[in-house]
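The data below hold one chain only, encoded as structure tokens and taken in the form predicted on its own.
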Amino acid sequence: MNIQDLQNLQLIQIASERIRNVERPRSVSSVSPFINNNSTILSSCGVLCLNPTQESINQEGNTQREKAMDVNMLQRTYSDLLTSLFREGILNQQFTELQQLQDENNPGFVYEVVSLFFEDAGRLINELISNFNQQAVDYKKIDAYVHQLKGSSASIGAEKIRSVCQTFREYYDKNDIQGCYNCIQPLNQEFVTFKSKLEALFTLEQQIVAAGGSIPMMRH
């Protein structure tokens, strides 16, 4: 074999090697890193991976969905609690009318009004208990306290408190002192229950607003 034959053989081997390289499928690791940012590429382990931009979009979408779910859950909890307060007779329609007076210009209106009631009612009930514990009970003063408490409870829709006050005044009109006295403990208990329930309701309101939601209204 002469020199020319050797050169031709080498050329044939080089050409054959190039053909094999063309026909052989590229491995995953040979994928060019210079790929469009919006494309989906294969990782070295063969698992589909999203580019950073697409991944951040998906994470943001998941966060928004989770936030919406949280708001919906808070709103359902709020609605369930409010419904139970009406069903149990703790609140009446007057509270709904109070809510309707609340608007964007005064978003804390109901909370402010009810908070004032908490202060006044607590003070009046303490005065009632204190007067009943005195040797010389001033029933006219006690009746005045109950009358005031009845009016303020009616104005915000505190139905059970208003009802106990009404019962007290009926006993008072009949000069039934024992009946009046027996109303004090239930009155105090209804106030404690009302305060606890409404504070829970307002806490839910604050959480809903903080999460970007709207306060559900009770429908009658």
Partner chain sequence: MASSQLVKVLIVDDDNFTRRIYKTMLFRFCFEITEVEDGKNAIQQFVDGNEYDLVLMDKHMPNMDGVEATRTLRGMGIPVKIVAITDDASSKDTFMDAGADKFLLKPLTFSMLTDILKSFNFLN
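Numbering follows the first chain given and starts at 1. This one's a predicted model, so the numbers in the text were calculated from it and none came from an experiment.
FYI, the form predicted in complex with its partner chain isn't displayed, but the following is about it.
Undergrad: Just to confirm, with a 4.5 Å cut-off on non-hydrogen atoms, which of 88, 112, 138, 80 contacts its partner chain in the predicted complex?
TA: The residue in contact is 112.
Undergrad: Which of these residues, 152, 167, 188, 182, gets a heavy atom within 4.5 Å of its partner chain in the predicted complex?
TA: Here the answer is residue option 152.
Undergrad: Quick check: do 102, 120 and 156 each get a heavy atom within 4.5 Å of its partner chain in the predicted complex?
TA: Yes: each residue has a heavy atom within 4.5 Å of the partner.
Undergrad: Check residue 72 for me: does it contact its partner chain in the predicted complex (non-hydrogen atoms, 4.5 angstroms)?
TA: No, residue 72 stays farther than 4.5 Å from its partner chain in the predicted complex.
Undergrad: Examine residue 96 and determine whether its closest non-hydrogen atom to its partner chain in the predicted complex is within 4.5 angstroms.
TA: Contact with its partner chain, no.
Undergrad: Are any of the heavy atoms in residue 129 no more than 4.5 Å from a heavy atom of its partner chain in the predicted complex?
TA: Contact with its partner chain, no.
Undergrad: Considering non-hydrogen atoms and a 4.5 Å limit, does its partner chain approach residue 106 in the predicted complex?
TA: Answer yes; at least one heavy atom of residue 106 falls within 4.5 Å of its partner chain in the predicted complex.
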